[in-house]
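Given as structure tokens, the chain that follows is alone and in the form predicted on its own.
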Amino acid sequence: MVDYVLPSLPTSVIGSYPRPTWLRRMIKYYRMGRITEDAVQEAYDDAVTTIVREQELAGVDIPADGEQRRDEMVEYFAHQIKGFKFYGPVRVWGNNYFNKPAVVAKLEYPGPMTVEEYLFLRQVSTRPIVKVTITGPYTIADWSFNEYYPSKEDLVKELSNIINQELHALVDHGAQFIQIDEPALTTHPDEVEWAVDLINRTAKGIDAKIGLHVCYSNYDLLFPYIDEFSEISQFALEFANRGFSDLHKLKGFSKELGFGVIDVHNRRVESPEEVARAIRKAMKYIEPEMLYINPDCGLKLQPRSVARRKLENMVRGVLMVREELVKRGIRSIPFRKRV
């Protein structure tokens, strides 16, 4: 079913975006007890409005809310799903810490977790399509301690049921493009086969475009399973950070590709020409009608000024290639919920 027509090579973001300095300050004050709940919620709303407008001014076709209300992608959901407990921060690398959750009881769906986020995003964006991001069941399980379920697979199965309920709630409120984030998917090769089945179960029966974001992963392990992701329409994948070295592996790719052209771990701002060259290379393997353009991953760790300039140049590079596609008679593509 086609609901909307988008310009060729639609541009989007993956999810996270740098929080404004004033929002970080307001969150700190709230946690110190110096401001009220209403005050910090107003700050979150203002930040989302600002970030969405920033993306749109950069020319992004499909914005997201920058995950301004989320400190961390797993912790955010573990705080809401019943059955999780936090023991304290765990050191992950260097001096960086992660508040790793533990599953200590049967997990229960608490009711809508991201619907209000989506509704506010829909309210402040001028674009016909917006993207909602939600952390997938495999990554939530992989980044948590399991102290209750007999196996990790059992835990992921329970989480897939919970996330499926959340996806239904989003669609019931009008969401049309939902991205499931699974950065941990290829971490354990012997688990990928059943993880694919449970990700399909997560998205079963959802009347929306479902994207799957996998980054910094083993594509030799992932790509043989692409056709088995029956409920996934688009894969948003990282390519810039690896110097586009794996492009040849896209031959025969059967889904839409959210093509990562911006390295989110490097402060150097890519030029429009670099972006255009990368897109042309990708089009040797993927038809332009099946190609979306986005950064490799979330831009959260970049200075905000750098993140903004990266998006601006990403769009400028896309515009260069769009002009070339017009000469081939390609001006737009349908927004497809199913591929």
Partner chain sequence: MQAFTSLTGGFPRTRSYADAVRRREKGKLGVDEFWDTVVRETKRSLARTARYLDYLTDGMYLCDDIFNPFIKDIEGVKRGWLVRFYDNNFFVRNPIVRGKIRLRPSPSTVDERIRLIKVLSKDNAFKGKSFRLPVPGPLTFTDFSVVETIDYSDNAQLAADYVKNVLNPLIDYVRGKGLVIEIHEPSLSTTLTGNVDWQEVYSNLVGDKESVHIIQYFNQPPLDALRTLSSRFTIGVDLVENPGLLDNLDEWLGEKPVIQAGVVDARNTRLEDPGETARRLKRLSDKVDVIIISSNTTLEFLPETVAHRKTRLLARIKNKLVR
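If you're wondering where the values come from, they're calculated on a predicted model, not measured in any experiment. Residue numbers count along the first chain shown, from 1.
The following text describes the form predicted together with the partner chain, which does not appear among the structures shown.
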Heavy atom within 4.5 Å of the partner chain in the model of the complex - residue from L221, V115, V171, A102: A102
Contact assignment for the partner chain in the model of the complex, among N200, N161, T187, Q80, heavy atom within 4.5 Å: T187
Partner-facing stretch of 140 to 148, 231 to 239, 172 to 180, 203 to 211, counted where any non-hydrogen atom is within 4.5 angstroms of the partner chain in the model of the complex: 140 to 148
Any non-hydrogen atom of V90 within 4.5 angstroms of the partner chain in the model of the complex: yes
Heavy atom of F98 within 4.5 Å of the partner chain in the model of the complex: yes
The partner chain contact at G111 in the model of the complex, heavy atom, 4.5 Å: no
Partner proximity in the model of the complex: G94 to the partner chain, non-hydrogen atom cutoff 4.5 Å: yes
